[in-house]
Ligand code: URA
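Just one chain follows, in the form predicted on its own, and it is written as structure tokens.
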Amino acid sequence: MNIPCKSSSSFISKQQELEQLSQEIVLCRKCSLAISRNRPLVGDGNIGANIVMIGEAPGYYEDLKGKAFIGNAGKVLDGLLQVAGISRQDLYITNVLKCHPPHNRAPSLQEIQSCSCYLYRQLKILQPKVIITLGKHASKELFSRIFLPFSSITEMHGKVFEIKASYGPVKVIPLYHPSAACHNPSLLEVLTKDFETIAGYLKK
């Protein structure tokens, strides 16, 4: 499937803005993750894409390599993208946290509060038309920002929410995190159905 991307006329300025943001994140010392991380993962993918995926935080392998979703959860995600007819080149992937929490633990509230400003600056630069949040932490954080009630990922996964951003309309789609299928194989079927739904939605 061909996902249309925005004009390249603003590509250079977007690239420059993201590079400046990356430099700030490298120097960031707002929380203790700056001490334990190997390298921050600001984002990965096509900055001209209309789809942005937001995960929770870089994992062990992402922290080492500086690439998004390259561990076991990444293998699950690649399979799901194939189901939807989407390639990595059609996406920009980022996280709520830019640094790896030790032992892959869940982000703390303080870490999310310290780091989320970088995420929203990214979204303002990228101006996606579709935002896919992966997992409860990313979904809950974004929904709180856009003033939509969030009950649980179990109840809200796969639904499409329309919001109005400063640059235009945006569709927000919360999903289970691919890592959930690594721990609970039954969720792979749920994720597959959700990605099939997304594929049909993107074809419209």
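Heads up: residue numbers just count along the shown sequence, starting at 1. The model shown is predicted, which means the values in this text are computed figures rather than measured ones.
Absent from the display: the form predicted together with uracil. The rest refers to it.
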Residue 56, heavy atom within 4.5 angstroms of uracil in the predicted bound form | yes
Look up in the predicted bound form whether residue 95 has a non-hydrogen atom within 4.5 angstroms of uracil, and give yes or no.
-> yes
Contact test in the predicted bound form: residue 175 vs uracil, heavy atoms, 4.5 Å = no
Heavy atom to heavy atom, is residue 153 within 4.5 Å of uracil in the predicted bound form?
-> no
Where, among 31-39, 58-66, 143-151, 158-166, do residues come within 4.5 Å of uracil in the predicted bound form by heavy atom distance?
-> 58-66
